[in-house]
Every structure is written in structure tokens, then in C-alpha cells.
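Quick setup: one chain, the form predicted on its own, written in C-alpha cells, and binding and motion questions come after.
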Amino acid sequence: MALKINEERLLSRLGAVSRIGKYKTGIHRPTYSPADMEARRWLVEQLGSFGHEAFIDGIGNVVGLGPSAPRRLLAGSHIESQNHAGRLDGVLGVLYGLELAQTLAETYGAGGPAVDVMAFADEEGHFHDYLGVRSALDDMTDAERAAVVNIDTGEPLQAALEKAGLAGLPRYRIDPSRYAGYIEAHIEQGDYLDSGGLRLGYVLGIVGVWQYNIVFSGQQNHAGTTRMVTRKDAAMALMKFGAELDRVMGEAAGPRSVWTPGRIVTMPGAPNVIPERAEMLFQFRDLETSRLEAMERALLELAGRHDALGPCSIVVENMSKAPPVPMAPAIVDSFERAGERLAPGAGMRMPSAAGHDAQYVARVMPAGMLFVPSIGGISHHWSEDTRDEDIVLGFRVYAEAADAILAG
């Protein structure tokens, strides 16, 4: 049976939600802010308009449950934004889920296949990365939640929930046995699709992120009177190390590997004082564990050489090793088959270089992601955008793939 897709309704809904918290051509909807809560209430109304049981739970997740069905999928993403960011990051996946749920209801009627929809709270990490999806999967302890604060203001999570009107509400738990799988659509947030003239990305998996704190220890002294040959300048040691680190990472990296010195700090940080300590927060990403291991070896070997040569000592501390998360091959194949039928040659298999709620849901059920292009590769900025024709094509592929998955 042909799906009754309503492209105009999809774009109209996108326009409506983009006006909530509007900032220039993007949006500003930090988690639990008035604009964020308005968007969540809007979504509840939209889900209820065609018969889904919809509500906001005690952590801020929007949950839309369809009627009894022989087979169902879970679809979603997030609806809050980074500060002063784009109108599509996260929201597009929520709207695809919303539109898919209504499309299936209109196509098959009562008793047909269905989709439950979730907008997970705080994927963007204003309080804690993936707070909503981890809550829904019961992946956080009460003690962990009690310790959560806003990363910018220090406001405790509980206080924010109270201000948002969520305190005391029950937290929803996902039942994985209810679903054939989870699907999430997203803008790419990079430029592989756009620069390649492609319109669809079939996500193979979400990259692993390994992060380190690299500490250089020297000797504090007067910046004017200390001879250069006797100095133990931790900042200069860091800079020399950093230049060589970029080279050895390139040698160990794969074609999609990336690495970033996200923060550099020197101490005491005064113009007339030789720094006795310097720190670099460093991360790298790849989809293959073996590649991550090769990059780690390159980092540690380089640090060992510099430490042995002096004049400053170097200590490398691993902060975290988030593993790569593969998407379910059957769902990847479903997206690709639909894409090749609707837009032959316009898509590619690719990793997601950014994290998503899907990486947590994939732990408990088959999961898959579909990308559409980001114009110029821009994201996390208010100028982020995607062409309407690519949004519509992406939804058609998403819906056709979901229909095939539900058909079993």
C-alpha cells in the first residue's frame, strides 16, 4: 500500500517549531528554558492531534505512544538546541518521527503498524550529555541525577525541573521488547554529503571518542632573568609536542579520523612568569576500534619520547573511551534500498562523526540513522540549514524504509 505522505505538512510543522525560540535564522532553545518547554508542549499537541497518547515525563522527555499495533518502531531525536544554533539539529529527527507516525495512521488506519515517538531531553548536554535517553533506559542512578548541574550556571537539575513544571512527574522507561527497532534522522553536521553533491547518508555507526588530559610540568621562574638554556618552560614544551602530535596523528589516522586539542591552559598564566605547568585536553574519533588504538599508541609513544628528552616531564591521563557504536545492518540496508529507489546514486554509507541518542538506544534494540546534507557542513551555529527538497527526499526515504522494516 502506498504511503500517504504529506510533504506540505512536514515543512509547515518545521516552520512552526522553528519560530519557537527563534534566533536570526536559527533557534535558541537551551534545555528546560521557556522556549524549550514551549516546543515540548507543541509536540505533545501535535502527537495528540491524530490519536497518540502524548505527555512529557519527569526528566523532560516527550513521549508519544501509538495505539495497539502488530508491529512498531521507536523514532526520535531531541528538540532542544545548542545556544544560538541551527533550526534542524535534532528537531528534524523528531519531526520525521512525528510525520511518520501520522502517515502510518492515515495509510493503514487502526490496527496497522505504528511508530512511537520520543524527543529525548538534553542530548545537547546543557546539564548532562544524553540525560533524557539515559533516563529512559534506566542508565543513571538517583545519585548521578542528584549531582547534575547546568554546565554554564551551576543550577541543580532538580531546581531546573521544578521551574519547568516537571518536578514530581514519573520518568518514562522504554520497553525494548515493544519495538522492531529504533530509527533516527539527522542533518549530517559535516560537509561530506554537501561537498560531494550527495543527498542521503546511510549511517554505518557512531564513532568512538577517546579523550586525554596531557600535563607538562616544568619550573616556574622569572620571564626576564632566566636564561633560555636553563628554562623548563611547560608552555613551550606543550607547543613543540603539539606540532609533532599533529604529524603523528596524521600518520596513524584513517581517512575519516579527526583529532582536536579542545582546551589548552598554562599556569600561572602571567606575562612575566615562565609557566610551570601546561595542560592540553585532547581527543580523537574514528569508527574503527583498531584505528583508535593505533592513534592512542602514537600519542603515548610521542609523549614517552618527549618525556625522556625533557626538559619538562609529561603525563598522559585517559579521561574517557566512548566506544564506536555500529548501527543495525538490516536497518542500514533498508535505508539504502529506499534511497536507491527514490534517488539512485545520491547516497553513501558513512559514519556519524557526532554523537546521537541512537548510540544509547542501540544498546537495547536494533538502531539505524539516516542523514541529509548540511549546507556547507555548518552545524551548531544559527546559519545551519538544509534545502527543503533534501528534507522532503530524506523523509520519503525514511518513511519507505520504516514501512519496509515494519512489514517484516
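Small disclaimer: the values here were computed from a predicted structure and weren't measured. Heads up: residue numbers just count along the shown sequence, starting at 1.
What comes next is about the form predicted together with another copy of the chain, which does not appear here.
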Quiz item: Leu238, Ile264 and Leu281: each with a heavy atom within 4.5 Å of another copy of the chain in the model of the complex?
Solution: yes
Quiz prompt | Partner contact for Val148 in the model of the complex: another copy of the chain, 4.5 angstroms, heavy atom | solution = no
Quiz item: Should Asp191 be classed as touching another copy of the chain in the model of the complex when contacts are defined as heavy atoms within 4.5 Å?
Solution: yes
Quiz item: Are any of the heavy atoms in Val273 no more than 4.5 Å from a heavy atom of another copy of the chain in the model of the complex?
Solution: yes
Quiz prompt | Non-hydrogen atom contact His222 with another copy of the chain in the model of the complex at 4.5 angstroms | solution = yes
Self-check item: Segment that reaches another copy of the chain in the model of the complex - one of 283-291, 322-330, 113-121, 175-183, heavy atoms within 4.5 Å
Solution: 283-291
Quiz item: Which of Ala353, Ala343, Ala69, Val364 has a heavy atom within 4.5 Å of another copy of the chain in the model of the complex?
Solution: Ala353
Exercise. Could you check which residue among Ser379, Gln46, Asn61, Thr31 gets a heavy atom within 4.5 Å of another copy of the chain in the model of the complex?
Key: Ser379
Quiz item: Taking another copy of the chain in the model of the complex, which residues of 242-270 have any heavy atom within 4.5 Å of it?
Solution: Gly242, Ala243, Asp246, Ser257, Val258, Trp259, Thr260, Pro261, Gly262, Arg263, Ile264, Val265, Thr266, Gly269, Ala270
